[in-house]
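The chain below stands alone and is given in structure tokens; this is the form predicted alone.
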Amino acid sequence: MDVPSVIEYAWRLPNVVHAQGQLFSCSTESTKQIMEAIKEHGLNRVIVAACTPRTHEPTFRDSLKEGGLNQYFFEFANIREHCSWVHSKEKEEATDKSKELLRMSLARALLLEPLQEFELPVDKRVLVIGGGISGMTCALSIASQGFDVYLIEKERELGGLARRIYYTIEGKDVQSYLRDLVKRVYSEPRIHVFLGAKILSATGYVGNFLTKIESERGVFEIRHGATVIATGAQEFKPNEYLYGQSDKVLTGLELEELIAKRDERVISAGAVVMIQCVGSRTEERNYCSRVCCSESVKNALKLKEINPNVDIYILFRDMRTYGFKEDYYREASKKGVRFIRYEPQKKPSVKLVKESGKELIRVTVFDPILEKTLEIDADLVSLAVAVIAPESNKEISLLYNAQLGPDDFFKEAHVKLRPVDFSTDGVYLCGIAHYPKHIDEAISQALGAAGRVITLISHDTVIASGSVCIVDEKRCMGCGACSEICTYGAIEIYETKQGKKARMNPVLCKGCGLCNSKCPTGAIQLQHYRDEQLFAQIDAANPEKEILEEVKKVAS
């Protein structure tokens, strides 16, 4: 777009006393220029026409505060995504649209009000839900910096899914690491462990949560300032490929256990077939479980160590040994592990056969490269089954307003900007509760979550937003539509002499505006996004008064 033309247009708008162009408005030098302009020109409103408010609005609000201006006197016009990006081949039209957005932002900015944020006390204790490797790592990291941690685990012992993993593809001893980790947790006086625990209720908000649990030690109420969800995942149990009908058909974890114990079935096996993507990448679970390919290669290499003469076939759709794990895929191939691709519409079949008095598993698969159907007689069949979210995720999601993705794994607030946060402040995420991942990745994320927790609880107070909903009780008829739609539990209906009325808890309100749009009487207004401010934008975009009047009529 023609940026100088937009700047020139800004100068001609009413009430504008200063306009300038910047190469990177979010840079330190540019924000310093904004602060200096506020002081030099006595500005009482600031508009930045640049990128999306989602990424850099807090940066510019801080600039206003540094310049001595209320941070809510700031307006952001997104002319990058809405103009230059989507109209990259239409320079004149993109420029004209930028001017319109700038004019609309000015109309709203003139009606902005000074809002005040407020401070909330922060409890210095932390609740970690889940006693697997990521949960224990996170708890230890927090405790090592002087904070008390309540670690709750639904099972009767710590360790989670890692109790069934014996080694990594790199050859590290997982069980030895796990024993050391558990020992460190029990040796840390600041970590309070609750086994066989079930969450009965959870209330509160950032800095001030109250969770009631029932465990082997009885019923307890835990007050804490932050919550970490590390509930882990579980292994999918298939109902295909004769699983559960023959002890020769195992999951990848079950095969790993036999290998670790040097079971006779493993030592004497002449042929082993591994089938990938069992329960993953299907209509029911349309996602890749990520770890399965590496785990099968790991087991294949271990089997070759025990018996170099064993024939191993890995039937795959796509081999995804990402990162440096690709080296182990190549190593397995060099050691004679045969990789056979199959198409999802021509899945392998498995049946029991008896030959020479010996029971074998016969695997039939069509090889698209050879264009032939192959039959493999195997002593063992290993299924690389899906990693699935535990059923308890749904309940915990409701208790802490933690969003779930389409596959019932927990979903972070923003994949790049807030990878271990939830949209609910004070609640954090780590490990395979997020999505299937290797142990080293889970540990890294656990340390990241611990860092975010400490960023919160190291302060005595936390700042709550001033952009929250308010209720005009005179217009409220107590229908309860607002409390039903509020996902944060910020609205309650209570009795007054005039009947039922809605009451807003500004601490819990996140300013999403759902209640505002649902209220039939217009009794609820979202501060910083009031009706008159939005109507002013519409008016600026559509100068024809009859259009505005029609919009207002519909809205009322």
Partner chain sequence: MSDVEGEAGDFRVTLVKKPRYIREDKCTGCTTCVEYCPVKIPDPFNQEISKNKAVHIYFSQAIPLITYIDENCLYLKEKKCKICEAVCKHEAIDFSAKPEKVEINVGAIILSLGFEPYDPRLRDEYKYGKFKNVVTSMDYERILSSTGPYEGEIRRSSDLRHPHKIAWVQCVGSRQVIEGGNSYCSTVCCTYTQKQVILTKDHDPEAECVVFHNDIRSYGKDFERFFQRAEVLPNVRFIRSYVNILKEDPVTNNITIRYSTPDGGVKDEEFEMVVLSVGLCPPKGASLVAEKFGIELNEHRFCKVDSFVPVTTSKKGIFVSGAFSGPIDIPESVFGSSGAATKCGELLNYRRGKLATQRVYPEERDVRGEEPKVGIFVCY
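Just so we're clear, the structure is a prediction, and the values are computed from it rather than from any experiment. We call the rigid core whatever largest set of C-alpha positions still superposes within 1.5 Å between the two forms. Residue numbers count along the first chain shown, from 1.
Keep in mind that the form predicted in complex with its partner chain is not shown, yet the notes after this line are about it.
Looking at residue 286, you'd find a heavy atom of it within 4.5 angstroms of its partner chain in the predicted complex.
Although the partner is absent here, residue 412 lies within 4.5 Å of its partner chain in the predicted complex, judged by heavy atoms. Of the heavy atoms in residue 116, some are within 4.5 Å of its partner chain in the predicted complex.
The closest non-hydrogen atom of residue 227 lies beyond 4.5 Å of its partner chain in the predicted complex. The contact with its partner chain in the predicted complex, taken as any heavy atom within 4.5 Å, belongs to 371 out of 371, 355, 391, 157. Note on contacts: among 125, 302, 290, 192, the single residue with a heavy atom within 4.5 Å of its partner chain in the predicted complex is 290. With the partner omitted here, the stretch from 374-382, 243-251, 211-219, 145-153 that lies within 4.5 Å of its partner chain by heavy atoms in the predicted complex is 145-153.
Along 299-332, a non-hydrogen atom within 4.5 Å of its partner chain in the predicted complex is carried by 316, 317, 318, 319, 320, 321, 322, 323, 324, 326, 327, 329, 330, in order along the sequence. Residue displacement note: residue 112 has its CA displaced by at least 2 Å between the shown form and the other one (rigid core superposed).
Residue displacement note: residue 401 has its CA displaced by under 2 Å between the shown form and the other one (rigid core superposed). With the core held fixed between the shown form and the other one, residue 424 has its Cα displaced by under 2 Å.
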